[in-house]
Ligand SMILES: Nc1ncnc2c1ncn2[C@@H]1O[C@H](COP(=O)(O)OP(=O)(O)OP(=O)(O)O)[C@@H](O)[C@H]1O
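As structure tokens, one chain now follows by itself in the form predicted on its own.
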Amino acid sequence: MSGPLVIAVINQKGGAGKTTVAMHLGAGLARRASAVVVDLDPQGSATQWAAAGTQTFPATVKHLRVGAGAVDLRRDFRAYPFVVLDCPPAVDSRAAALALQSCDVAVIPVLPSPMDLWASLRLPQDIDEARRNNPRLRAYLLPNQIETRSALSAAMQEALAEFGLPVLNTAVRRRGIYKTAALEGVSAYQLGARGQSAVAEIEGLIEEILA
């Protein structure tokens, strides 16, 4: 593959944990080669995260406002082997549409609640439309903020199957360490033993994406 590997973390619903996933993907990928997290959300959460710490965040974080002008994400960030796009909530926004047109992989964090799943049901249609111009696009559902003591319920598995998109084997659990990392402006990779469990699941996620 020529150029960078571009990974979009996307869901039309807010509050699905996109920024946490994007920042940790960026931190983990940065251990393999230089990586950039492109903050496409007008709220700039990823940018604020990286600026909050006294340590340097492992990946470069750049806030990009997508206006009316021409933007080529693959070209503009070709210096980085890994590009992670932290997308705004609305898939019909220009930034999110651009991300789907530009990426190799779309990671779609979904929360284990019926309302969150219902709010995401339009995503397969958006993925299909994006593939007309971007046939290389691979899209995966990522179960996110799963409670530690409960596996995915049978109802959740059935609901995910309705999307018609593959579900990643790795699930990201609800862990306080992710909030700690955000507050300290770092990633779980920088939190030593406290972050080991989170690092293990992010590494599993990255291995699946790179496979």
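In case it trips you up, residue 1 is the first one in the sequence shown, and so on. Treat the numbers as computed from the prediction; the structure is a model and nothing was measured.
Missing here is the form predicted together with the ligand; even so, the following discussion is about that form.
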Clash verdict for the ligand in the predicted complex, overlaid onto the shown chain (3 or more atoms within 2.4 angstroms of backbone or C-beta): open
Answer range among 53-61, 28-36, 156-164, 138-146 for contact with the ligand, defined in the predicted complex as heavy atoms within 4.5 Å: 138-146
Proximity of residue 112 to the ligand in the predicted complex, heavy atoms at 4.5 Å: no
Partner contact for residue 17 in the predicted complex: the ligand, 4.5 angstroms, heavy atom: yes
Contact of residue 172 with the ligand in the predicted complex (heavy atom, 4.5 Å): yes
Partner contact for residue 48 in the predicted complex: the ligand, 4.5 angstroms, heavy atom: no
Contact set, 30-51 vs the ligand in the predicted complex - heavy atom within 4.5 angstroms: 41, 43
